[in-house]
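Just one chain follows, in the form predicted on its own, and it is written as structure tokens.
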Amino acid sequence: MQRIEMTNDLSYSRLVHGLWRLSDWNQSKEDTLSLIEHNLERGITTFDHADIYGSYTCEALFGEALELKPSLRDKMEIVTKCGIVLPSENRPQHKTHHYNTSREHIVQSVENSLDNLKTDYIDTLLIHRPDPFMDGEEVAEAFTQLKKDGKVRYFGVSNFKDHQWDMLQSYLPFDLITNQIELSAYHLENFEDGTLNLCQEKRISPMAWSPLAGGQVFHAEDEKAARLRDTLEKVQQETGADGIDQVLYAWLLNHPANIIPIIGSGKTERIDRAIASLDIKLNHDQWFEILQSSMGHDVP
């Protein structure tokens, strides 16, 4: 599988496996280990987490599986996120849903993630959401200390707009390496507001969460979803794809920004379908036909 160079000594697989629903899959740790191995055997080596996933349980479920075969850690890249605080029975001290990007919270979140994931380092740590109460200097202090201590190799953000990226980057002595953002043919905000352009300007590859639009394209009955479905089915026939899910992945994969889609399924057949989309090539007519069907009008 193609790899994307994130830095001179870190690359991601072209597709990333997302674990935000791991606790919903009701797998044994042996089942989760088999899923991890299935990904690795097929070239998906990058795994995406966040401390809050599964109400603070998914990292530990992954770590329990990895503990069965620790040698796999050297074959993968682990991405995780912090900064969102959720009320949870697993965190009774949290009374409200809020953001916390203080130095203390970031460092403690990493310590928790390392313990849960059964690893002694994280390849990339992301700030999960822009924090309106963020102190850029504190974030920089936390990042610098974590890097110095060898606990986190690289850093990035998630859901940041250009001004938020620039503010945080201005405090850091090293470069942020990615922005994980919502990108799909159904949700065009980050195509339209300059967020994806910033990634290209900075020469960073964005990670795309919800590349299948959370299933809306398949099931929603609104006019936009129906219109987009018709176009995707047309392009499916033209390209020989097995389904519109593969066309949705291909639409992102064919973009010159080196978008890295995150596969959020625990089913191996769906993972394999996503991998097959790497071979689907869209021409300009097809790419723009999908864009325009989502927009509901022609480009200017």
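Everything numeric in this text was worked out from a predicted model, so none of it was measured. Numbering starts at 1 and follows the sequence shown.
Beyond the structure shown, there is the form predicted in complex with a small molecule, which is absent from this document and is the topic of what follows.
Colleague: In the predicted bound form, which of the stretches 95-103, 208-216, 113-121, 138-146 has residues with heavy atoms within 4.5 Å of the small molecule?
Modeller: Answer to the contact question: 208-216.
Colleague: Residue-level contact is defined here as any heavy atom of the residue lying within 4.5 Å of the small molecule in the predicted bound form; does residue 264 satisfy this criterion?
Modeller: So residue 264 counts as contacting the small molecule.
Colleague: Does any part of residue 62 reach within 4.5 Å of the small molecule in the predicted bound form? Heavy atoms only, please.
Modeller: No.
Colleague: Counting only non-hydrogen atoms and a 4.5 angstroms cut-off, does residue 53 reach the small molecule in the predicted bound form?
Modeller: Although the small molecule is absent here, residue 53 would touch it in the predicted bound form, with heavy atoms inside 4.5 Å.
Colleague: Is it the case that residue 128, even though its partner is missing from this view, gets within 4.5 Å of the small molecule in the predicted bound form, heavy atoms only?
Modeller: So residue 128 counts as contacting the small molecule.
Colleague: To verify the annotation, which of these, 169, 159, 108, 90, has a non-hydrogen atom within 4.5 Å of the small molecule in the predicted bound form?
Modeller: Exactly one listed residue reaches within 4.5 Å, namely 159.
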